[in-house]
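Below you will find one chain, with nothing else, as structure tokens; this is the form predicted alone, and questions on how it binds or moves follow later.
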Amino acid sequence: MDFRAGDSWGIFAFLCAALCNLPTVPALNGTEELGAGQSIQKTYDLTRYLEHQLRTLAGTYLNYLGPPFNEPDFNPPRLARAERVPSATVDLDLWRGLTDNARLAANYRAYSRLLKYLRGLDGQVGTVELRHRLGHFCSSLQGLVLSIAGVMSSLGYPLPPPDPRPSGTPAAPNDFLKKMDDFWLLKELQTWLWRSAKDFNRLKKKVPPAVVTLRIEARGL
């Protein structure tokens, strides 16, 4: 269709007048609901990051403890004193047979307690670098505890009650047993993070991804 110059100006003026007389124009606004799937993915990513972080921290800390704790083949029996540290040594079939709620609650309780022990170490180490790494790891672990709480909330699960037991372990009678406590703390942390990563990886496959919704808003011109 051929428009002449005069007709073009007329059409332009008509459109301007029509737009000025429209009170509102509906607009589509895309928003993403932050659901359980995204919360689980973030928790999984944080768990894998903590695994990487712990490898560096454990190497530095075991060297600080010295031999035999920094020797690759050192694998002492778990002493009765170490039983205060949450153990991840559970039969895998038994663990997988638990409900999602039970596994999440166990993870939440374990990391909450492990975090208390780690914060106790922060004031005992003698090097600035190690204190810095411990502080950074504690901050990341606190984030994991909060992230697990977020996953439980998004799935409609209640948080476990606070742990009534006092934090920390009784003072060791000698330096060797104190180092043994620290060794088992790092060992249990490593096992918990390894198993938690598998837990969250399986859980995210069971929960659908976040839903993208379109919301219609009325905006004035």
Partner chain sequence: MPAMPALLPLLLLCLRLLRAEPPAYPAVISPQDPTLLIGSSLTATCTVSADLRLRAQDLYWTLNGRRLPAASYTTLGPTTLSVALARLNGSRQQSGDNLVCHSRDGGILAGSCLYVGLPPEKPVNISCWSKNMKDLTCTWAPGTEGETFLHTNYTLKYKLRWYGRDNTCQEYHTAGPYSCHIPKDLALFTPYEIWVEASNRLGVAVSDVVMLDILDVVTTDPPSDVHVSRVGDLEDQLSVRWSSPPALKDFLFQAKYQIQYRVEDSSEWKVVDDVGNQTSCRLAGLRPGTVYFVQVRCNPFGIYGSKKAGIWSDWSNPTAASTPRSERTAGGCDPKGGEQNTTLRRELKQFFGWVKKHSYGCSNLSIKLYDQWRVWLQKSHKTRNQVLPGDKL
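Everything quoted here is computed from the prediction, not taken from an experiment. Numbering follows the first chain given and starts at 1.
As for the form predicted together with the partner chain, it is not shown, yet the points below apply to it.
Although the partner is absent here, residue 75 is a contact residue: one of its heavy atoms lies within 4.5 angstroms of the partner chain in the predicted complex.
In the predicted complex, the partner chain sits within 4.5 Å of a heavy atom belonging to residue 177. Using a 4.5 angstroms limit between non-hydrogen atoms, residue 155 is distant from the partner chain in the predicted complex. At the 4.5 Å threshold, heavy atoms of residue 85 stay clear of the partner chain in the predicted complex, well away from it.
Though the partner chain is absent from this view, in the predicted complex it lies within 4.5 Å of a heavy atom of just one residue from 54, 46, 65, 36, which is 65. For the stretch 90 to 109, the set of residues having any non-hydrogen atom within 4.5 angstroms of the partner chain in the predicted complex comprises 90, 91, 92, 95, 96, in sequence order.
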